[in-house]
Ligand code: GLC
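Okay, so here's just one chain, in structure tokens, the form predicted alone.
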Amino acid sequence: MPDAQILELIREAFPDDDRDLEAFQLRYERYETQLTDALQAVYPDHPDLPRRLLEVMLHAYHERPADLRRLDQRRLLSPDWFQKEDVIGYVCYADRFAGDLAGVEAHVSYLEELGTRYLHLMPLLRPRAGENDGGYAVQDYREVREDLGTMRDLARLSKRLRESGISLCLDLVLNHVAQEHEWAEKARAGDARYQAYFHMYEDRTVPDQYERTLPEIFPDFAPGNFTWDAASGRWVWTTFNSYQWDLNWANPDVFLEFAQIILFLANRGVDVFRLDAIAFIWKRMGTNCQNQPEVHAITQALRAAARIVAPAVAFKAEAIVAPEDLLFYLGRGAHHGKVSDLAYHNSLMVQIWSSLASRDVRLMEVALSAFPHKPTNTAWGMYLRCHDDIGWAISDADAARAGLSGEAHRRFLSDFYAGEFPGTFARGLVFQHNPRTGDRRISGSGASLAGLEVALERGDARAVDLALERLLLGHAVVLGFGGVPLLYMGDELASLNDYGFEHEPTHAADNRWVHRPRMDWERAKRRHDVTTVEGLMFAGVRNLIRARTGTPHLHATVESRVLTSPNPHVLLLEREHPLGTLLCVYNFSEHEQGVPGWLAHARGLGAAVDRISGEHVDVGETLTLPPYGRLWLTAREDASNRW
């Protein structure tokens, strides 16, 4: 129960509105313990912080528009809204998709046709001019990038999306700001208050102590983790790039700034915040300064504040970390189910591409089986490709359990997807080769990595068909895993690598832009013509989405469980749902493959329906799949059932 002073402040904020007073007070009482426990854990020497935060929350609550308050009520009654099987994500850069925010609004019908219920617009808050790490060097969190429009345009777009049942996700960069941000400018000018927003040192003594245990994120073009700033006469912590200044989250003023930013953007219609680089925000000497426990307490406090003011909002953790660390971002122990609502399952992407290259699923079985169960009120965000490179996050331990050398397999995958391995079908680019560690990440679009680019160049119709089947297999695994599947812009049209990035000065040094092409709307016009590559791909993806939205077994409260497959080319995933079992069967080979029929019979699926094709399947002694075949099998009597 809130103390008397807090209750009095709440009552004073609602002198003439008993209804709003009751709503706010009930929510505050519900989340007060989560909020104050987290603040106490991180900021024990600042007992006035809950009161200061309350003032921020009350101001934002009074500013929240009526239609968003209605959305709050709807989602309070349906807290699993983001876990449902009909939630399909689409990810794009606003300018590369449609020019600007008005252009995105004009193309909402395309998203509706595809089946989108969740739109992630890549960084669009105002970045620094020139090089800006793809928009992740934010200069102003309360303004939109000038060429995209205004904050009013963003609010209008979010309203249009809500009318179509589409949630809006935006990136919130937590770890750093651009050196041109107002806070950094004041720090450079000598303002002690704002210098305390950052990690700034007069000499190299402390930075050198930290460097002993810090990795380099971008060793090619941003070596080291500290940059000399001549204007302030100090070394500044810059994990990612010299122009991105790491924030000092040990300062409660930084926490309050971001609480205000989150609630400001929530009141403009942002439903989901992708918490960028969240793993890095807390610094501790003698560690790699990632995944520190304070990160999760800070997230819990921010989430509790959002739940009180704007309960329609969800958090998604951008934590590309080892599986043993990842679950903490969805909540372990005291934070169980109290931090981010979603987190990226980047291991799934890595394992799909690994199995496509090797035609062997045993490593995938080992890696996916090692994942502990997530809290039931959370969901994975899964994808076949994204805006980023592919880092071969395959642990030596997982590889050993699969009978492989981790180092050799990672080297094989880099060679294979760079187009250097004999017989490869892939066309990608090496990103950030680190000679010291041997790390070679890969850039490339899904279609080019799957072999379509090479096949089209050779005019090989059979190879074209196989490339499309690989892509549809990968999307089937993603869509059939549970959670929120995220389709990267252009993948629905099998878009190829765009080598034009080399001619754009701000992109030329970063080959990840090879898989960030502009949307080709001329190709999109051919999406209904199945005599074209784009038409075949669009039809295949759209069919998978339709199948998913009609399969309640894919609700995210249910976990996908790996079954040991008797055929190393075939992946078996099982989902035990109250309506019955869903058995997903995937052939990762270009040759016909089979598994024993008893695997289906033992689960009551001898007479099954394939949710993807809608066809009845009578399973005999052997369940046979064509090259890159995929099946989602449920009992026939389950096919017409809904919750």
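When you see a residue number, it is the position in the sequence shown, counting from 1. Small disclaimer: the values here were computed from a predicted structure and weren't measured.
What comes next is about the form predicted in complex with alpha-D-glucopyranose, which does not appear here.
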Report task. Could you tell me which one of 276, 534, 246, 491 places a heavy atom within 4.5 Å of alpha-D-glucopyranose in the model of the complex? Result -> 276
Query raised in the report: Here the chain is shown alone; which of 141, 240, 81, 201 has a heavy atom within 4.5 Å of alpha-D-glucopyranose in the model of the complex?
Result: 240
Report task. Would you mind picking out the stretch of 133-141, 566-574, 189-197, 82-90 that comes within 4.5 angstroms of alpha-D-glucopyranose in the model of the complex, counting non-hydrogen atoms? Result -> 133-141
**Report entry** is_contact(residue 385, alpha-D-glucopyranose) in the model of the complex, heavy atom dist at most 4.5 Å
**Finding:** no
Query raised in the report: Applying a 4.5 Å heavy atom distance criterion, does residue 210 contact alpha-D-glucopyranose in the model of the complex?
Result: no
Query - Touches alpha-D-glucopyranose in the model of the complex: residue 296 (any heavy atom, 4.5 Å) - result: no
Query raised in the report: Is there a heavy atom of residue 440 no more than 4.5 Å from a heavy atom of alpha-D-glucopyranose in the model of the complex?
Result: no
Query raised in the report: Going by heavy atoms, what in 399-435 lies within 4.5 angstroms of alpha-D-glucopyranose in the model of the complex?
Result: none
